[in-house]
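A single chain comes next, written as structure tokens; it is the form predicted on its own.
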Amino acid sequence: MCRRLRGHRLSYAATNWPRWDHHFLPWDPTLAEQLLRQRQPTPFRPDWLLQGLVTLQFSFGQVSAAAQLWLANHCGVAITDVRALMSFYHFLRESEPPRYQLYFANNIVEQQNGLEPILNRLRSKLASADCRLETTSCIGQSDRPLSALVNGLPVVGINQDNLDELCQLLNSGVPVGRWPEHWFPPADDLRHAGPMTRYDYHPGMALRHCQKLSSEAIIGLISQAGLRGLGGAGFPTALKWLGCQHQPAATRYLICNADEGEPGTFKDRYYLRQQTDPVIEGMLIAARAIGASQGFIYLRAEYLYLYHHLQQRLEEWRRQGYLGRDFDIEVQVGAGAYICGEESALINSLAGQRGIPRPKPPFPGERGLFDKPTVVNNVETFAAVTCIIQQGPAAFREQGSDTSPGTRVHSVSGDCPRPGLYELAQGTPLRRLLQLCGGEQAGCVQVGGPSGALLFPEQFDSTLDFDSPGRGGAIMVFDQTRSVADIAGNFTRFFRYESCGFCTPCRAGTVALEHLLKRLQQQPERRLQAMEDIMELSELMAETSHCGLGKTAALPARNLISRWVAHD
């Protein structure tokens, strides 16, 4: 069906969201309303304000001043509220869109794989192309460096040998959807599968079993399994559900945190594409256990290319009658803010606000989304729930340790011949993972992302579980030629860049940490004083920062100091 709209002939496909071709139409309020209603029947609620901006951004390529004012008026909010969101989220912008928007990750793995020379060559070769090159902290592709998001789609394996081909495509103006398939390999398979990813999954079996059980019985099964949140914190899942379920409220919410933004993490990419149904089924089970009436998947903007796939799978569950009556799931998209991985910041973002973490208590299970009891679990945790119910708690406990039962998928990147995803039993020694990925000769390994632990060869027998340093999850392998100071500096810049700026200890402390690290490296005569200043500042930040980002931002610098002290 086609129709005329202010001089533009628009097919139905032209209004689909998101759009990858970046052939954006000029701003038009009538078309904007059509696009918003395509995503949400009631798009002008103040709590949907951020999603409105995201939809306009990925449809028109920008959110102009006129579009901001239009949306503010329709939502009944002040224009300053809209501008506050525009300034907070990295992917929202007022400027005219280029034909091609390229985002490269600039974390330490990409830096060590030659990011800067690649960017320099691209800038020289694309000087006349309608192209914008930018960097961001993480795009969820660290196992496939160098990679970039080109108009939102992941292009992997960029190197000096194929750079001319890439530049020819960009200079020629070929739409991204017509690029050769080899630029977009899926490669989401696990390097090492385990019981949670290779069992004989039967869609709906676990949920049908739960329909015969009370909410207390369902939570009891999760408690028997000993499942702990697999996003990194390791809080007992059953306790979180029970705390929400016991609240005297008629409305409860459930949220799947798909906003993994920690450099070196990419397992959600696999779960959302290859294990979509177990994740959805786990959400349905959790909703039944806590009595939730509405669920949300908060999808990071860097994974926007998975949006249609998620919607298709959700629609199939609706068609089967599992979704849409007493409980439904809505996909909402982030706009580029690492801090929204923190559960209370994510809740604020879902409510159409800036992603500022909330003080605790009260915890989300007491007062979460719209001040209603809310459970937030990450993607892998929901997949584990389905596995536990279908296979039984005892089968889950056969793996792992008493305090960290089950298995976990680790994202491995860096200086190893076999980067990728590895499912291992909790409590597996780091050394075993290094053997599997080919990193036995590593000089050091960052375990648990930038806020985790930097481990050296004498510590490689440390176990990967919730009771050990780093805990696992994101594993970055560094060979013996890598500079520990460079690693610490990159992580510190990451925290400075991603600080939400709400509290002074984090906002100013991360900047001061970066200066102190430079002094530590560049002024040997002042090294001792710099070390003392870093330690004092790190204690201040840990004690007074508003949220976990500020409390842990100094850990890379402390890791560096402890290593230098040990070898002086």
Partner chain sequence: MTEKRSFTLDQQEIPFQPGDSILQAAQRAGVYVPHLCFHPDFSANGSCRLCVVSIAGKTVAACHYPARSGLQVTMNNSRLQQQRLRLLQLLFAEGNHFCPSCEVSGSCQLQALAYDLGMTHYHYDPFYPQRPRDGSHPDFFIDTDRCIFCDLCGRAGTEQDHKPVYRLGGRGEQTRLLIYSASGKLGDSRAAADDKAAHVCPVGCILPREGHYRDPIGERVYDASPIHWVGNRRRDQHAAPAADSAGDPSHD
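A quick note: this is a predicted structure, and the numbers were derived from the prediction, not measured. Numbering follows the first chain given and starts at 1. Just so we're on the same page, rigid core means the largest C-alpha set that superposes within 1.5 Å between forms.
Absent from the display: the form predicted in complex with its partner chain. The rest refers to it.
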Going by heavy atom distances of 4.5 angstroms or less, which of Phe456, Phe184, Tyr305, Tyr497 would be at the interface with its partner chain in the predicted bound form?
Tyr497
Among Leu36, Leu537, Leu50, Leu520, just one has a heavy atom within 4.5 Å of its partner chain in the predicted bound form, namely Leu537
Contact between Phe88 and its partner chain in the predicted bound form at 4.5 Å, heavy atoms?
yes
Quick one: does Thr42 come within 4.5 Å of its partner chain in the predicted bound form, counting heavy atoms only?
no
Spell out, yes or no, whether the shortest heavy atom distance between Gly61 and its partner chain in the predicted bound form is within 4.5 Å.
no
Is it the case that Gly336, even though its partner is missing from this view, gets within 4.5 Å of its partner chain in the predicted bound form, heavy atoms only?
yes
Out of the stretches listed (165-173, 259-267, 489-497, 199-207), which one is close to its partner chain in the predicted bound form, meaning heavy atoms within 4.5 Å?
489-497
Hey, which residues along 350-380 are within 4.5 angstroms of its partner chain in the predicted bound form, non-hydrogen atoms only?
Arg354, Pro359, Pro361
Is Gln522 one of the residues whose Cα moves 2 Å or more between the shown form and the other one, with the core superposed?
yes
